[in-house]
Structures are given as structure tokens and as C-alpha cells.
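What follows is one chain in C-alpha cells, specifically the form predicted on its own.
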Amino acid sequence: MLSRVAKNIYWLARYLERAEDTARMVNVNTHLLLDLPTIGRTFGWEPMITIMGSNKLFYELHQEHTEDNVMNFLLDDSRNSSSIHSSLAQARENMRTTREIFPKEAWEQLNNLYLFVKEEEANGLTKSNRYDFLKQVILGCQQFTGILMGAMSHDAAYNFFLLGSYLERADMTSRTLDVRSANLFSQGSEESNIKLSPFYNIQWMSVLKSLTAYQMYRQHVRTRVKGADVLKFLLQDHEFPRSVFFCLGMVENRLSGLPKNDSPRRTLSHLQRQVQAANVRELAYQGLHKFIDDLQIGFGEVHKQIAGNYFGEVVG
């Protein structure tokens, strides 16, 4: 496979995953803010920008984190390469140049999804239509990945697609935990946090829902929603497909079917051990931010090694 083709497939997957994750995050945050009182609220729309790592660009374009400003920035601003519109446009362009690799139905699905977003994004910015608009984005992305799973040979091209998907997913899960936990953990116990904030559990439920993890958490953890348990589930669970540990395992698994995989697999094995060995209940109250920062540096290193080994790139 040509390095250019592999690179385009990898980035197609990353952009598609980014669009889906952003749509889900915005929808869940919208509903959370409807459930919480405005008085004494410790967060609003700003965390959405922080999770995406786009604070610098946002402040260059806007002065305040108002709902309208954040919605425009995350949904349809072409100046933001991580907006849903930009992500789907870049995914579509990467697929356009590699159409012969994919089933025809997959191209039609992605093209139709892009055209839907382009035509309906103005309606999607309104509160009354936002939920339905974002739900269609999420379903459209999932339908695309479903087509590939059922109608595309699980060969090297499919491996590169999954590399991009799961690495992007691991990064998004870690970013969400880092930003959303900052306002929820104090130096006290879980019980003292609940007493300090009567909406503590609702906010942790929203973290789970933003990663489609709420139902699986309740099935497997079987307790009320607690911060430390949420962290453990989303970092270390071996079976949930959006936990950091699971995502790292899938990236390593797909690398095993590709040549020149020694360096990224070593880095992934180290990251998996780091995640699995973490004492999550201690991290919850001290050191979580640094722990996740270290993970994200590791994700960046894996990306550099993939780009260097397969795309012929030297990433600084």
C-alpha cells in the first residue's frame, strides 16, 4: 500500500471519530446545562473548548464563551479544523482520493452525511433543532463505520482505519476525563464532594453519557455513579470500546498485522501497563492531570511513530 493512501485512510478515521465525539459531547452538555441551576454553576460552555484543545484559536475569534459563540465554533466554523463541518469535510476529502479502497456504499454514506451537515448546519445551531441535527451526525458516522465493518476486507487498509479511529478515541476519552473531573474532585472524600454539590452525580453521569458509557457502566459496575468508579471504568475497563485501555489494545492489535511495528507497539505496551497499574482512587484526588498529560504525550509519540514508519513523515 502506498504511504499516501495509508495516511489518507488514517486521517479519514481520525476526523470521522472527531466529528462523532464532538457531536455527542455538545448534545450531552446541552442537556446537562438544562438540568442544572444557573446559580452556583461551576462550568458552562468553556470546558467544551478546553476538551478540544482549541482555547487559543477560540480567543482569537471570540471574546466570550457564550453558547452561540461556542456552538458556531464547534459546529460549523471552517476556521476551526476540529469543528464538525471541518472534520467531515476533511474526512470526505481524504476518502475522495482513496475511493477505490472502500465499498461504494461507504463513499455514498460519507458524502451524504457531509451534504446533510452543509445544508442543515444553520438549523443545527438553533436550540430547538440541535439535538436532532447532532443525533443525525452521530448516527451517520456510526453507519459509515458499520458499512466498513461488514463490507470491507479486513486487510491493511482497514487496519489503518482502525488505528486512526482508536487513537483518536483514546485521546478524546482522556481529554474528557481531564477537563470534566477538574471541577468535580476536591481534596475530600467522595461523600464530602456529594455533600458540597447536590448535582455531583448528575455531572458524572454526563461524563459517562458523553462517551456513550452510562448503560455499560451501570451493567458492569452496578453501583451508583461515583467519580472514582467512573475514572476506573473509562481508563481501565478491558471490554468497553471507549475506555483508554481498550483503545490502546485495539491499536496494538491492528499494528500486529502491519510491518515495521516494533517501536509503536513497545510504546503502546508501556502505555497499557501505565494505565493498568494506576491507582485510580488515589489519582482522583491527586495527580490525575499529570497522569493524563503523560498519557497524551504517549499518544502523540505513537502517532509520530506511525507517521514515521508508514507515511514517511518526520513529526516534530
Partner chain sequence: MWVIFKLPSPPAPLPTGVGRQAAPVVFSPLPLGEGPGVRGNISPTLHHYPLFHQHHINHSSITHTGNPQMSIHWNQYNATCFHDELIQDSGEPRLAAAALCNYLSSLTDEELKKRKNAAELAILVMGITFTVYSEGTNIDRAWPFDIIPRIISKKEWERTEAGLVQRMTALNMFIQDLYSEQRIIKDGLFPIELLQNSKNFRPQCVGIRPPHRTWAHICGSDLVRDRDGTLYVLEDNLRVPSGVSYMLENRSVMKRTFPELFENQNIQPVDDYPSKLFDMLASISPRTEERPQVVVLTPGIYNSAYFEHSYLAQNMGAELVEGPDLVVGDNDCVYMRDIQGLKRVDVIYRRVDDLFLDPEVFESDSLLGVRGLMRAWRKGKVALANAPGAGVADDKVVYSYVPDIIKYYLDQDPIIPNVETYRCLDPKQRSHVLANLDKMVVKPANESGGYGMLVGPHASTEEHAKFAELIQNDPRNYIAQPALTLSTVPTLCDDHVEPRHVDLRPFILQSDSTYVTMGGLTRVALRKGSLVVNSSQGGGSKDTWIINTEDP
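The model shown is predicted, which means the values in this text are computed figures rather than measured ones. Positions refer to the first chain, counted from 1.
Another form exists, predicted together with its partner chain; not displayed. Remarks below refer to it.
*Asks:* Contact between L115 and its partner chain in the model of the complex at 4.5 Å, heavy atoms?
*Replies:* Answer yes; at least one heavy atom of L115 falls within 4.5 Å of its partner chain in the model of the complex.
*Asks:* So, S153 and its partner chain: in the model of the complex, are they within 4.5 Å at any heavy atom pair?
*Replies:* Taking the distances in the model of the complex, the answer for S153 is no, it never comes within 4.5 Å of its partner chain.
*Asks:* With the partner left out of view, is F102 within 4.5 angstroms of its partner chain in the model of the complex by any non-hydrogen atom?
*Replies:* F102: contacts its partner chain in the model of the complex.
*Asks:* I'd like to check something about E108: if you look in the model of the complex, is any of its heavy atoms closer than or equal to 4.5 Å to a heavy atom of its partner chain?
*Replies:* Yes, contact at 4.5 Å.
*Asks:* Here the chain is shown alone; which of L57, L33, L258, L283 has a heavy atom within 4.5 Å of its partner chain in the model of the complex?
*Replies:* After the contact test, the surviving option is L258.
*Asks:* Go through R96, R224, H220, K135 and name the one with a heavy atom inside 4.5 Å of its partner chain in the model of the complex.
*Replies:* Selected option: R96.
*Asks:* Using a 4.5 Å heavy atom cut-off, which stretch among 81-89, 156-164, 227-235, 203-211 contacts its partner chain in the model of the complex?
*Replies:* Selected stretch: 156-164.
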